[in-house]
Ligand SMILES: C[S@@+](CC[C@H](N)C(=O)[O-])C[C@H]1O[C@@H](n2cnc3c(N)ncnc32)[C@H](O)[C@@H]1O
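Take a look at this one chain, the form predicted alone, written out in structure tokens.
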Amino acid sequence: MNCCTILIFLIITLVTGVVFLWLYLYLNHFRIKYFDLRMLFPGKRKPAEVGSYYDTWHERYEEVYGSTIQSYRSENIALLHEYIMQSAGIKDGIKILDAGCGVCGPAIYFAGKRDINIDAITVSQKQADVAAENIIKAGLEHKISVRHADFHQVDKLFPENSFDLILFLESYGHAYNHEKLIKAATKVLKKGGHIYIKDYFKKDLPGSLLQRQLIRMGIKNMNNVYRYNTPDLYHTIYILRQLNFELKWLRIPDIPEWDGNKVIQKFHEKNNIAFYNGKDELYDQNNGRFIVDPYEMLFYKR
């Protein structure tokens, strides 16, 4: 066997190996141990970009969502707040970190109903300014403190073992590195404390490659529009279990008087946003399935 033949054989072997590796990763949504390898490459939404987005879009969100920027919601916003309080276990005497607080609509409601203290952070300077005004108007400065900060850095902002509960209310998906975020949050959470996450997660579906590609396309468009990094459910659970957390429960939120996505549809209509050539942004009309799953979960730190 001459050198040319050997070289050709090695090239064919290498190309074949690369093709099979790519195919394996493609069929497994580019995950190894539940980690999406695409998160290693450019295109992730960094904190500064997310903050700038909410600075620019603040008035648009306020017009449609009011002071509670939650897409998966009730028609009666008070019912949503009550539901979250019950699900997250918000009770008198605890200290809470609202990580990604928006303009503090939920935090103000919680502090008005319970004897609690809340540290709230948002990556948007505009949101932090408006939140501070809202807190003063509500007369809750003694219960809520808000600051402009990156929630990936909470372990540098607060002492260890500071909080009984950490809330991620549709903010977890804005993390550019979910593992880094959770590790930082773990450091400031007390032993026996809880992490509550309510957000949208990637949907894994059986079916044809075309169907799965449509899901990927929808999620990509969703990430671009919202400056999101749509999280992976399995990776999230894997991270928390590696950090010695117990999953107490996981479910689709059973929110009273769920609005059927009416508010988010209104927001998209007003701002000319669509993920599927003018079709419903969270719903793949070609397959009749949602492209993301809304979940809420509660983890306990051992």
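All of these numbers come straight from a predicted model, not from anything done at the bench. Position 1 is the first residue in the sequence shown; the rest follow in order.
This protein has a second form, the form predicted together with this ligand, left out of what is shown; the following refers to that one.
So, P253 and this ligand: in the model of the complex, are they within 4.5 Å at any heavy atom pair? Answer no; every heavy atom of P253 is more than 4.5 Å from this ligand in the model of the complex.
4.5 Å heavy atom contact, H152 and this ligand in the model of the complex: Yes, contact at 4.5 Å.
Verify the contact flag for T236: yes if a non-hydrogen atom of it lies within 4.5 Å of a non-hydrogen atom of this ligand in the model of the complex, no if not. No.
I121: heavy atom within 4.5 Å of this ligand in the model of the complex? The answer is yes: I121 has a heavy atom within 4.5 Å of this ligand.
Could you tell me which of 184-192, 85-93, 167-175, 210-218 sits within 4.5 Å of this ligand in the model of the complex, going by non-hydrogen atoms? Flagged stretch: 167-175.
Is it the case in the model of the complex that S74, I108 and G112 each bring at least one heavy atom within 4.5 Å of this ligand? The answer is no; none of S74, I108 and G112 reaches this ligand.
Along 45-71, which positions have a non-hydrogen atom within 4.5 Å of this ligand in the model of the complex? Stretch hits, in order: P47, V50, Y54, S67, T68, I69, Q70.
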